[in-house]
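Here you'll find one protein chain in two forms, each presented separately as structure tokens under the names structure 1 and structure 2.
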Structure 1
Amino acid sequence: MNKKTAPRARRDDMLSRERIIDAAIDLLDREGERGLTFQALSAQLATGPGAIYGHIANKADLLTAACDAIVARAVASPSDDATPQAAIRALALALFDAMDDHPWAGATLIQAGGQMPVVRILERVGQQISALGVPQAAHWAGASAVVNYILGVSGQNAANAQLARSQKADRDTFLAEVAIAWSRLDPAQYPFTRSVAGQLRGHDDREDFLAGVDLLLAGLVSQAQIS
């Protein structure tokens, strides 16, 4: 009876947790982390600031949920890779690219503790670690090492993007400035940093990131062979 009218009767502009999170992601992508305020968010949703608290607990909850949506999308693609190593590399790259598109998500992810977005990553990584033949007792240490590495890079990338933004420079000129600052350090105290300052300029972030993943995988494989 009422089924006939239900689809059209349901108001499209009704507030929901999902709509709030989508609007928050929009705002974060456009204006950065500083741009997400309850004022701006409620304005975009054509409501009052108080209405949002009916669907989310607080701002930290909102940020975690927005970050989780990004991670869920990045992790959603099916992994039909030939080897566990390839699957982990593909997963890591998908996350890297997602964080590159949404720099605020990297900063949020690392503050999310053992919550959903991190668990999603842990699960995907862990399944492949298990497939690698790593002994059961080493599952946790291996998976958490890979996850921590991914989180560290994400956070660092987010920080770089945010610093570049605050200086109104693009990423390349920002990195060039860092390279110059490093090459001016005291040679006696900072020989290594000075020596890699050149490599910093023009390097490929994605490739460096993958190199780190490969180091961990190489370590895991040798560990699996020993035991």
Structure 2
Amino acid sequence: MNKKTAPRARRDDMLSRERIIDAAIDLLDREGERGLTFQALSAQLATGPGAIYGHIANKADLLTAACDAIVARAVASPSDDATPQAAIRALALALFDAMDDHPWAGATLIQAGGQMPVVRILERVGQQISALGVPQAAHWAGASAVVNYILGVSGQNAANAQLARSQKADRDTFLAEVAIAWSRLDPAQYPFTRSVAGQLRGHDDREDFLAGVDLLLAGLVSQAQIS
């Protein structure tokens, strides 16, 4: 009987929080949040649920930890010679790409307000806003605006891509159909939407995202110059 239980014991001994989180990320990427169960994770790690519970309290804890690992990889410190604007742009783009690669992370981040994944992002953004020379009184508002923009737009983009994949929808075809529908709207009621219908057809999500970041940065730089 001891010989039969020894292999499982050795596997459990090698189990770590980091290994569990890496396996959870792999499972989330393949199956989505619904597919992340302790039973599925136990099977992937060749261990029992009890061994996992020794490192992870529950599914919410696991999701937050997995999201934190993704964020930690994306928010590496900027190079010493990077300007604050360049550092914020690089951080924003890294997070945009991370959520595009791991679509489940966007929703998890939104639900993790005040927890470590969001704190990591807030800290990195806040340091650069301070380096820009933005007045202390405006630090919170400025950092909040940038962080909320990054999380909101990146998360929505990832959700849109995930929905398109699940429906096997072609992006170009979908955008062309929407653009045609917009161009047929009542010009008296929807003059702006009709005017940008053509731009919708060929827009680049990444470029649009960075354009929004640049608009926020322009406002922050203006505040710094006024002070």
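Basically, rigid core = biggest C-alpha set you can superpose within 1.5 Å across the two forms. All values reported here derive from a predicted model rather than from experimental measurement. Quick note, the numbers are simply positions in structure 1, starting from 1.
Asker: Does structure 1 or structure 2 depict the form predicted alone?
Answerer: Structure 2, which is the form predicted alone, differs in this respect from structure 1.
Asker: Quick check on the domain motion between structure 1 and structure 2: what's the rotation angle of the smaller rigid part, to the nearest degree?
Answerer: 17 degrees is the angle the smaller part turns through.
Asker: Can you read me the CA shift for D186 between structure 1 and structure 2, rigid core superposed, in Å?
Answerer: Its C-alpha shift, to one decimal, is 7.2 Å.
Asker: Superpose on the rigid core and then read off how far the CA of A51 has moved between structure 1 and structure 2, in Å.
Answerer: Its C-alpha position differs by 2.7 Å.
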